[in-house]
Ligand SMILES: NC(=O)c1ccc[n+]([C@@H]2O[C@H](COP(=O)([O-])OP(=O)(O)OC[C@H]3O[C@@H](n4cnc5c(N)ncnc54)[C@H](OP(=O)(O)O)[C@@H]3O)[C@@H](O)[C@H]2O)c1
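Only one chain comes next, encoded as structure tokens, the form predicted alone.
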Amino acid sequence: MYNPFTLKGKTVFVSGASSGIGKAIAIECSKMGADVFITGRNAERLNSTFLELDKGNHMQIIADLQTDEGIKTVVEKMPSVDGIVHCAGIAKPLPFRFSGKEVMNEVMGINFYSPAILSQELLKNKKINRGASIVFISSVSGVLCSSVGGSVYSASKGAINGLVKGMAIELAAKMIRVNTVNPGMIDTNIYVAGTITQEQLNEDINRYPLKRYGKPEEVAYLVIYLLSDASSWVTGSGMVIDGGYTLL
């Protein structure tokens, strides 16, 4: 059956695959025929993702991409890949005046430096095949909007989107495409701790024209498009998936 979005015959690396959006992307890529290489810091949760992957020649490795050793381990063990999806990230809401250097270093380290440096090392070690696609999971925050307490997070995501535009220009000669996916709020059970009430969530949801948060699988479908040959003329773009939130 003809399918321009197939990932059959492709090897795809997904970071932050132990939960949320990263987990959904890894699983959906495997369903589309890709061999998937996943990494994360939590062994139990990463293995849970691994066990849900569709049949294929998959790999998993525990690694902390905040460390030089973690990046080195991933680069050494990773096969040559046709797709990379940088999903690992952190949100640490704090008013700007309380966001000191330690907080800035932590957020920028995980959201910006780690995927940027990992990409550099993979290129230097010739682990990214000609014609490959690199996708960074970014956010509408820092690109189209922000929020109270979100200044540092927004800065890290804004930096990613700027990085991608430069990478796309430089890597075009190798036919390597680089794009971002910029989601609005995605329902990943991040508020199960009870720090935000259901009433507050409902109020926030009503700010979305489609009256709901997105699902991790919906982000995964957009990522699959960018990894597939169907998007072979798309590079340097920031794809917004936000249920219409930034229209208002």
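Start at 1 and count along the sequence shown; that's the residue number. All of these numbers come straight from a predicted model, not from anything done at the bench.
From this point on, the text means the form predicted together with the ligand, which you will not see here.
- In the model of the complex, the ligand sits within 4.5 Å of a heavy atom of residue 64.
- Residue contact with the ligand in the model of the complex: residue 88 places a heavy atom within 4.5 Å of it.
- Although the partner is absent here, residue 112 is not a contact residue: none of its heavy atoms lies within 4.5 angstroms of the ligand in the model of the complex.
- Shown alone here, residue 137 lies within 4.5 Å of the ligand in the model of the complex, counting heavy atoms only.
- Note on the partner interface in the model of the complex: the residue among 53, 32, 222, 185 having a heavy atom within 4.5 angstroms of the ligand is 185.
- The listed set 11, 18, 235, 228 contains one residue whose heavy atoms approach the ligand in the model of the complex to within 4.5 Å, identified as 18.
- Here the chain stands alone, but in the model of the complex its contact with the ligand, taken as any heavy atom within 4.5 Å, falls in 88-96 among 143-151, 88-96, 166-174, 121-129.
- Scanning 37-55 for heavy atoms within 4.5 Å of the ligand in the model of the complex gives 40, 41, 42, 45 in sequence order.
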